[in-house]
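Taking the form predicted alone, here's one chain by itself in structure tokens.
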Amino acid sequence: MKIAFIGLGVMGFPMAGHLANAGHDVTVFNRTTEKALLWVKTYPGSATSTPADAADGCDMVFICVGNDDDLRAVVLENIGALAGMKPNSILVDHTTASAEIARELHAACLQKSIEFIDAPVSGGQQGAENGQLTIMCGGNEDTYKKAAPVMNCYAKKTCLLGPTGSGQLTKMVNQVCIAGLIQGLAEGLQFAENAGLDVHKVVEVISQGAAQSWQMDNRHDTMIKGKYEHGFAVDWMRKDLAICLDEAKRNGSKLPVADLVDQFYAEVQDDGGGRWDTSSLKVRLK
């Protein structure tokens, strides 16, 4: 297929690479031109100077940027992706954003006979690089069936959760659950250290029982060593939790733990840890 990928951050860069390596004709756009040029040196494909040029004549356009406003800029502005997309093509948005922007983009696509899927991902940079992402989708079932085989180039699991916005709402559930898990893991590890236990042995045992989680398997060692220069940044998590808390007000959900952990992350930011991995919650407990 002829494909455009817009947004070459730590996630988008390897995701676009997987599409190119799978044999698709990929054109990329990134607001920082140097990143686009580096991508072209790394993978087969081409780069353009505007989202509209990247999307011109494409069967599918994939987007992975920062937030709602970024999406509006690269999709809806005069040189945005919709200006270059052809009727019956598909726009797939991998950005973690609000359900509101998903519905806004869907409505804009409908006016141009373009199909839309909101498809936030989970798995972090490691999952993107290894092609092992989980993708939560919202949209029309027929559109999803067309897009899923292409997304499988970098996914271990894709699922359609419901109409437009359902992917973003599911990603919110994901982030709410992760926030509580990381705080619990941080407290548990700190407790083990203060109790004089061999923390690695403790994790080896409890990770085989009901306490096991992805966070425990993949983050306990760096948390014990106090290393946080990797992974999913606190700044990004706070952006995601803000979306969750805003949606919770809208639908009447109570998120006391997520709200509290968000405040803890604000403390980490204040200590200069905005780019640290989310597992840096443990720093607060010393």
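Quick note: we count residues from 1 along the sequence shown, nothing fancier. Note that the structure is predicted; figures quoted are calculated from it, not measured.
Just so it is clear, the following notes concern the form predicted in complex with a further copy of the same chain, a form of the same protein that is not shown.
At a distance threshold of 4.5 angstroms between non-hydrogen atoms, I206 is in contact with a further copy of the same chain in the predicted bound form. In the predicted bound form, at least one heavy atom of M136 sits within 4.5 Å of a further copy of the same chain.
Shown alone here, F264 lies within 4.5 Å of a further copy of the same chain in the predicted bound form, counting heavy atoms only. For C244, a non-hydrogen atom is located within 4.5 Å of a further copy of the same chain in the predicted bound form, even though that partner is not displayed. The three marked residues, K145, A233 and K239, fail to reach a further copy of the same chain in the predicted bound form, with no heavy atom of any inside 4.5 Å. L255 is the sole member of M60, A47, A52, L255 with a non-hydrogen atom within 4.5 Å of a further copy of the same chain in the predicted bound form. Interface residue among A73, V173, L110, A83 relative to a further copy of the same chain in the predicted bound form, by the heavy atom within 4.5 Å criterion: V173. With a further copy of the same chain omitted here, the record of contacts in the predicted bound form names 246 to 254 of 246 to 254, 223 to 231, 64 to 72, 27 to 35, defined by a heavy atom within 4.5 Å. Residues V202, E204, V205, I206, Q208, G209, A210, A211, Q212, S213, W214, Q215, M216 are the members of 202 to 223 with a non-hydrogen atom no more than 4.5 angstroms from a further copy of the same chain in the predicted bound form.
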